[in-house]
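Only one chain comes next, encoded as structure tokens, the form predicted on its own.
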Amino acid sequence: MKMTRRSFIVSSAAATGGLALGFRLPFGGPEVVRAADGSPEINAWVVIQPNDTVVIRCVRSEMGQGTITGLAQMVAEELECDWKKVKYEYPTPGESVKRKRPWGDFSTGGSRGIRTSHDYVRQGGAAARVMLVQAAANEWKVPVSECVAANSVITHKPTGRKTTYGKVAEAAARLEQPKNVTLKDPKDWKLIGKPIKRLDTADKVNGRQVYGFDLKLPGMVNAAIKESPVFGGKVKSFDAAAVSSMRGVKKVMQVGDTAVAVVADHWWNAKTALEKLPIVWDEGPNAKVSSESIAEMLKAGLDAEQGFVGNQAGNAKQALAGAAKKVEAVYSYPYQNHVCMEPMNATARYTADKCEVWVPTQDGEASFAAVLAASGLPADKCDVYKINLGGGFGRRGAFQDYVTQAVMIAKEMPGTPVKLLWSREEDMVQGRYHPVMQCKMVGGFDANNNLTSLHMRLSGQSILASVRPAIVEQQKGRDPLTFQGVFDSGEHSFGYTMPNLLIDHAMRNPHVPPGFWRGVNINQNAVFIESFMDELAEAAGKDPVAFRLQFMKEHPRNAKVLQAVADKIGWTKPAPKGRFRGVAQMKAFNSFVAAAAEISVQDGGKKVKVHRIVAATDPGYAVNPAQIERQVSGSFVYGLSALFMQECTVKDGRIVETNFHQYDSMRIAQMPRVETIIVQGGGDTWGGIGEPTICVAAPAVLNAYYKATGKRIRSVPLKNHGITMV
């Protein structure tokens, strides 16, 4: 089949999210801005087809979390359209730049897909409704105040006359954009808050969904790549002649200073040749680094004199010096990998005057920037077509190394589409890993056994020092992200008020690159503080829930979710025989979350069965309750797998774990029953869903494990202690 670039984009828009627009004006106006099929654009967010199909434009990325459906719900709520006729598509960052960024931020991370865009996407829907109703009123020559819209139908109330959105869309597209629109009161919502079925499910079930590594373009070739196994290493030499005559091989090339790629007719041929390619690496000084040497580096930071302060009240050091009793514990948390089911990939086509990339990305604009830098072309000669992701979890956001590689390879084969696909092994050893961290916790009590002070010393890696050094420089060396969940204020603030508190960080940065691993620093900080709160409760001779609540009087929403899980699991009543319970709570991404876990153990604690987890989430507003329940359940798959099984270790400067036989994940039979409680706290702030509840999984289970065995586990994964999940 012969296919032009334009016909490919148009025909595959529903499957891949590609979008080609016939723009003539920056934003509406007397001439109609049209989508590729000729349908009129009402505004940047809404296209109405003649058959009343509503195409809602979304710039956040869909990677299984349901964000696209939630965003479409919010636009459709204000648009008053027929949900059964809603579709979605992705604008491109190139078009966004041309139009002065009408869609705003393209990034999908930090559980921000809905919580930071709910306002302006609803305004987009409301503005489109106003224009459609005005167009109908103009046609009927009646006051617009006499017209009302519902379910994609506009009605003139005095006469009962009706028309549909599709019939007035052309006229509406010619109207000026309203400057101010009124959004609905939450009590009047019809779609927001309802368990609407997801827009992307059908395509995943019937096979129409195209992921990046499925993508095929006419004349496309395939590339496999291998980068220095030691981070910081370089290519010293390679013998291209040794594999150039192998089946299907078209080109062998160096990519930058650190990688070598083989391009072939099929990916397996490229991979096979790459495996046989003799490569000599200059591994550099990092080749001597190991997990043990990294641990020693971090250990030194636990008692270092100086640390960057993230939260402070009173004088914790002075109070600890005069404490009648002290409780001390050291915790540690390992490197962990994102292990997206779809390895990193991108497809690029480069010519002297155009560079296009098709990529599953969490941030279309970051990918766009990578294309500009790697191609050397100006913005008006580049574009990125986003494809739904086979997993992201932070790996496909700030880190666009795979996009850069694809463009660099394509530049060596002008005019030919090149699909770069990392092998699973390459994906495992070239990750951007959850930062490694140790933590020393010290609590002080007075003579009456009252907690008077707490010092939390973090020692470990800074993500922002690697990824956003300008922020660290602005903070005079401090990485504020390190303090997620224990910060003094904001979306990750500490959920307790204590008389004397010090939370600080001794920054120690090994050579292994850190990254935004789903939930990021709340994961280890929740383990540290919520496990230690149980230790402090025991030292005080108090119930863990009651002990926490006495420090939560100024944190009512934290207290509410904690009390909710305690009540539902029956905390004050005896657990079933042979079962034991633990709790944890945290504020993360402006949501308040808590979990209560119920477990049993066998073989002296060597085998653990997690029977039940009760999870409460207060995100402010619940856009799609069914999707929230699924995300909460899914987050425990991620959190429990990390707790029991997942760790990346370092030997000879390189990551040891190369595939799932070394980096395991829990199975369906091991999944506990998850009971989700949604608390809608309201207010002006919307919270996230995709990441927050991950962090409370591990400490809730660890606290239950102590109740079951009397053994306090302070380092994960549990497999290192001979503990398995059943």
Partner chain sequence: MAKLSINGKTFDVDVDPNQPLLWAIREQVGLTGTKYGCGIAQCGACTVHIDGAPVRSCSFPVSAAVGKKITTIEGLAEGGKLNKVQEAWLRHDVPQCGYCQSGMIMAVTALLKEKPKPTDADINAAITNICRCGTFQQVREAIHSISKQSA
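Every value quoted in this text rests on a predicted model; they were computed, and no experiment measured them. Residue numbers count along the first chain shown, from 1.
Just so it is clear, the following notes concern the form predicted together with its partner chain, a form of the same protein that is not shown.
Considering its partner chain in the model of the complex, the lone stretch of 441-449, 485-493, 548-556, 383-391 in range is 383-391 [heavy atom distance within 4.5 Å]. Although the partner is absent here, R424 sits close enough that one of its heavy atoms falls within 4.5 Å of its partner chain in the model of the complex. In the model of the complex, its partner chain sits within 4.5 Å of a heavy atom of S633.
At a distance threshold of 4.5 angstroms between non-hydrogen atoms, I294 is out of contact with its partner chain in the model of the complex.
When contacts are judged by a 4.5 Å heavy atom cut-off, R198 counts as touching its partner chain in the model of the complex. For the residues Q362, Q405, T92, N337, the 4.5 Å heavy atom test against its partner chain in the model of the complex is passed only by N337.
A heavy atom within 4.5 Å of its partner chain in the model of the complex is found for exactly one of N222, Q430, Q461, S152: N222. Looking at its partner chain in the model of the complex, residues A202, F213 and S641 each place a heavy atom within 4.5 Å of it.
In the model of the complex, its partner chain lies within 4.5 angstroms of at least one heavy atom of each of the following residues of 666-685: M666, R667, I668, A669, M671, P672, R673, V674, in sequence order.
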